[in-house]
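Okay, so here's just one chain, in structure tokens, the form predicted alone.
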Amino acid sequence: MEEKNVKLRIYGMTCEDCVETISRSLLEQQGVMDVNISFQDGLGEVEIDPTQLKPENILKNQVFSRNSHYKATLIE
């Protein structure tokens, strides 16, 4: 299995609990292998299995939904 690292800019985090909430939700998504989020930098790195998940589909996770105050964009 080939893994791929996807970098995110994450908006709306106000504390370390936000990091835990986002990490937990992303790890529940099929194809996500590992998550590392920096609250101070507003950045995240998500390790995925590209055979199960496309990078842009990370942004469709419920934690980044329209009803959430967390938003994210892909960093190329």
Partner chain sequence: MRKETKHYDLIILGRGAAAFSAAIKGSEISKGEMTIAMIGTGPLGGTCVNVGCVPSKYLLEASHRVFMPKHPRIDGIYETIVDHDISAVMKGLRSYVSDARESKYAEVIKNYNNVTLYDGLGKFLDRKTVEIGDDREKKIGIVSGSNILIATGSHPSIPNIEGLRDAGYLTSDSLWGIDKLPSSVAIIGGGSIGLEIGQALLHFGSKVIIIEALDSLLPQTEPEIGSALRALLEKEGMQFYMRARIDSVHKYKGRKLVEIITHKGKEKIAVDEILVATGREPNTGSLNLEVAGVKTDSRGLILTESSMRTTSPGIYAAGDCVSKRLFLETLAAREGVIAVSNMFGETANIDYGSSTWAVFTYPQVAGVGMTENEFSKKNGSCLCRTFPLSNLTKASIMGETEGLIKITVDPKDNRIVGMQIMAPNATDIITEGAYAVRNGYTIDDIISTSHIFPSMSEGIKIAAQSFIRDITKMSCCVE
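Positions refer to the first chain, counted from 1. Given the structure is predicted, the values throughout are model-derived calculations rather than measurements.
Only in words, not in the display: the form predicted together with the partner chain, which the text now covers.
Within this chain, residue 72 lines the site of the partner chain in the model of the complex, having a heavy atom no more than 4.5 Å away. Among heavy atoms of residue 60, some come within 4.5 Å of the partner chain in the model of the complex. Among heavy atoms of residue 9, some come within 4.5 Å of the partner chain in the model of the complex.
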